[in-house]
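The chain below stands alone and is given as C-alpha cells, in the form predicted alone.
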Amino acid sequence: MLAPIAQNLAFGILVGGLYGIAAVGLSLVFGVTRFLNVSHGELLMLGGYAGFWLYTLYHVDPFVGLPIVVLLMVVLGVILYKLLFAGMVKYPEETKVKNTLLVGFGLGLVLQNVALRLWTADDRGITTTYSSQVISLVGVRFPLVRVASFVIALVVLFALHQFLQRTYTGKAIRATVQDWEAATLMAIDVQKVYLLAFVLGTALAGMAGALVSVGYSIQPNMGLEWTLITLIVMVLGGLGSIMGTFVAGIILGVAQSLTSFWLGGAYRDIVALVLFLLVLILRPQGLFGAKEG
C-alpha cells in the first residue's frame, strides 16, 4: 500500500512543479501591475507549440530549445503589452482588473482560434529517445523528462528570486508593488517596470508550456484549464510570494494525485476547487501571503 502512495506522491510533486512555475508568471504580472491576464493559459499553449515545432521541424531537443522558446515569448510579450495593456498603467486598481480581465478574455479567444486554424485540434506532444527512461529510487519510479522539467523549474525560480532580491531592477519591481505612485516620485520608470513584469510573466508561461509539451499533450483549447490552475495556485500561494506560489503548485499537484489514487480521476479537479474555497474562507491572503495591515 505504501509503494503506490509514494509513487503518486512523487508524481504529484513533479506535476506540481509545472503548476508552480506556470503560476509564478501570472502571480508576478498581477502582483506588480494588477493586470489580470486570463489569457495566461493560451500563452502557455503557444510556448508548448513553439517547443513542439522546434523539435518536429528542426530537430531541436526540447530542453535545448527552451531559450529559443523564451526569446520568442519575450518578443510576443512586448508586442502584447504595447498593443493591449500599456494604456492601462495609471488606471485605478479596480478599473485595471476589470479592463484587463476583458482584454485577456478576448485575447485568449483570439489565440485559441488562431492556433486551431493553424494546427488543428489534434493532440500533439514531443516524444524523444529518452522519453521512456525512468530513475528508480527506493522502489519509486521518476520519469526522466519530468525530473528534468522539475529541476529546470527550480533553477528558474531561484534565479528569479535572486533577481528580485539582489538587483536594482528587482528592487524597483518590489517598490512598484508596494506603491507605484511613491515609486514614480523616486524616479522609477513605472511603465518600464510594468513592461518587464509582463514580459517575464509571458516568458515563464511559454517556458512552462514547452515543458508541458515534453511530458504531456498540448492542444489549442488547453488554455482555459491552465488559466484556472494558475489562478487557483496563485490564490493558494498568496500574492507577492514567488516561493509560496511555487510551493502551492506542488501542494495542488500532490493533492490532485493522491485524490485520483484514493477516489478516482473524476474527483481530481474537485479537490482543486475545494482547496481554493477553503483558502478564500480561512486565509484570504493565501497560505504564504502577508496579511494586509
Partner chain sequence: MRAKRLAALAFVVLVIAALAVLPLFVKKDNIINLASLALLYVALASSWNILGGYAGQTNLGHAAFFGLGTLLTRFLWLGGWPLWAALLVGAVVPVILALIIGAPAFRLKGAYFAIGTLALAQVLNVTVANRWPMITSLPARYLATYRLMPRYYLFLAVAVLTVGVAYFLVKSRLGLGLMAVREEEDAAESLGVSGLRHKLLAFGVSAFLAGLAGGAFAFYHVGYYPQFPFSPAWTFDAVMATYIGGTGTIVGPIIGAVFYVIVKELLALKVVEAHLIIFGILFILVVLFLPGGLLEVWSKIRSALGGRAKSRKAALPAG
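Numbering follows the first chain given and starts at 1. Only a predicted model underlies this, so the values are computations on that prediction, with no experimental measurement involved.
We do not show the form predicted together with the partner chain, though everything after this point is about it.
Asker: Going by a heavy atom distance of 4.5 Å, is residue 107 a contact of the partner chain in the predicted complex?
Answerer: The answer is yes: residue 107 has a heavy atom within 4.5 Å of the partner chain.
Asker: Though only this chain appears here, would residue 50 touch the partner chain in the predicted complex if you measure heavy atom gaps against 4.5 Å?
Answerer: No - in the predicted complex, heavy atoms of residue 50 and the partner chain never come within 4.5 Å of each other.
Asker: Answer for residue 84 alone: is it within 4.5 Å of the partner chain in the predicted complex, judged on heavy atom distances?
Answerer: Yes.
Asker: So, residue 266 and the partner chain: in the predicted complex, are they within 4.5 Å at any heavy atom pair?
Answerer: Close contact exists here: in the predicted complex, residue 266 approaches the partner chain to within 4.5 Å, heavy atoms only.
Asker: Using a 4.5 Å heavy atom cut-off, which of 195 to 203, 148 to 156, 68 to 76, 110 to 118 contacts the partner chain in the predicted complex?
Answerer: Within 4.5 Å of the partner lies stretch 110 to 118.
Asker: Just to be sure I understand the contacts: of 228, 251, 243, 60, which is the one whose heavy atoms reach within 4.5 angstroms of the partner chain in the predicted complex?
Answerer: In short, 228.
Asker: Do any residues of 79 to 110 have a non-hydrogen atom within 4.5 angstroms of the partner chain in the predicted complex? If so, which ones, in sequence order?
Answerer: Result: 83, 84, 88, 91, 94, 95, 98, 99, 101, 102, 103, 105, 106, 107, 109, 110.
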